[in-house]
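Take a look at the structure tokens below, where one protein chain is shown in two forms, each on its own, as structure 1 and structure 2.
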Structure 1
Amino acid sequence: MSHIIEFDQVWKIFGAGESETIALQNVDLTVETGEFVSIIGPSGCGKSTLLRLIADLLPPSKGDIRVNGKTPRQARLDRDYGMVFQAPTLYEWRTVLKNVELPLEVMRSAREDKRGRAVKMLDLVGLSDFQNHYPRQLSGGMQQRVSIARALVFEPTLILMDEPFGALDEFTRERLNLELLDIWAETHKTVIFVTHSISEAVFLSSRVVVMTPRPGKIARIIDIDLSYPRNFETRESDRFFELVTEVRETLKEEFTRGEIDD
């Protein structure tokens, strides 16, 4: 397996002088092609900042980042990644199909190719029957599936997901977790997934990156040795609960250490 993400002693600092805030400090991280990696930590620890550095939405203050062996800027220009945010960010005046086609319009893809690829992605996320609906006619979970289809439609190698299910009820969230794993298994994309939910991180991931309170550092990377495919029974297994406890205890230790350091 090859590295698709490489962080080498990366820092992100906002402001200067008395207003300086260190969001990320000395982050070293590699992600292999095809992995599903979740990033978890307390609020304000830099999880989303890390994702935005990968996406070239923010520049690093120090250190080096490589995405697919390139700078984040070049990876963005080459459209190596798709991104899904917590809010679906769909255009209300465009149908579901037209929302999914939007990245291909920007890329000026041929009309036939654009329509075919969008329809294929909607079928992948289970929304073939809703392509002519408008976002307001869909539930929150369905809107987020449209966002996932849109992120996949130009066939990136990497999917960045910033708490995409955070605003959904627990049952819908668990169902979408299963659907996301099905999509990951079918497409073989690399997924970087930011979440506040310990159980969600353990259920989805091949590895969980646990971050410290700000300034955000990587406290520990925990291998999740649950077999795929995963299902509702996975969440009831002894090993699942052991791993959830391991992640929780790591977070608790780092939070306590942060209070002592303060």
Structure 2
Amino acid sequence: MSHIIEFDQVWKIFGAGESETIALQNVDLTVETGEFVSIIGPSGCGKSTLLRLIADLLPPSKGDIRVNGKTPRQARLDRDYGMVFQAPTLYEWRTVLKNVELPLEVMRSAREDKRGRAVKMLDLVGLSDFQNHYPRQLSGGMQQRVSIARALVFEPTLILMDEPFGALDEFTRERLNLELLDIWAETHKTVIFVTHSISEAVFLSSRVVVMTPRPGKIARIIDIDLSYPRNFETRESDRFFELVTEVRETLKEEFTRGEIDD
């Protein structure tokens, strides 16, 4: 196994002087190829920022980042990752199908069957009947599912997901969690998954990264030793509850410590 992501003492500081915000403080993190890693932490602790650094959408202020053994920039140019943003970010002038085809269009992929690929991905997220709708005609949750289909359609090795299921109801969320695990198992992708939901993080991940409130540091990395494939029974197992409690306790500890520090 090789390291697909390496953070070596990475800092991200926004602004300067009075308005300085330390978003990430001295982050060390290594992710192995094929892992499913969730990042959890209170709002504003730097989760999105962390993903954006991996994606080379923002540069780090200090420290070194490697993605697939390359600089983040090179990894981006090589189209190594697919990103699901916190907001659906669909192009409103394109139909659902056209939105999913967008990455294939931009990458001028040699793949003959753009349409076929896009249709298959829409099928996967349960939106086959909405191919010719425009984004404004979809609910928030449906829009987010389109954006997931769009991130998967060009089969990147690394998938970065920023609270992709945040806008969904519990049932759809659990169904998509299972779908996501299927895709992950089938395609041997690496997934970095930001979430607010403790149970979701535990259910999906091989490891959960718990972050502290601002300035964002890694408080603890918790191994999730539940066996794959996971299913509804997993959620009802004792070990599942133990791990959920462990993550919750860690979050709570860090939260109160943060308040005392202030």
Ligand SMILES: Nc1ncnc2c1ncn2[C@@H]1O[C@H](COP(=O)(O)OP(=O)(O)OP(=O)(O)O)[C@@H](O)[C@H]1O
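Note that the coordinates shown come from a computational prediction; the quantities given were computed from them, not determined experimentally. Only the largest set of C-alpha atoms that superpose within 1.5 Å between the two forms is called the rigid core. Every residue number counts along structure 1's sequence, beginning with 1.
The form predicted alone corresponds to structure 1, not structure 2. For the two-part rigid motion between structures 1 and 2, residue 185 is grouped with residue 71, each C-alpha going to the part with the better superposition fit. If you fit the larger rigid part between structures 1 and 2 on its C-alpha atoms, the smaller part is left turned by 16 degrees.
Once the rigid core is matched between structures 1 and 2, the CA atom of residue 127 is found 5.9 Å away.
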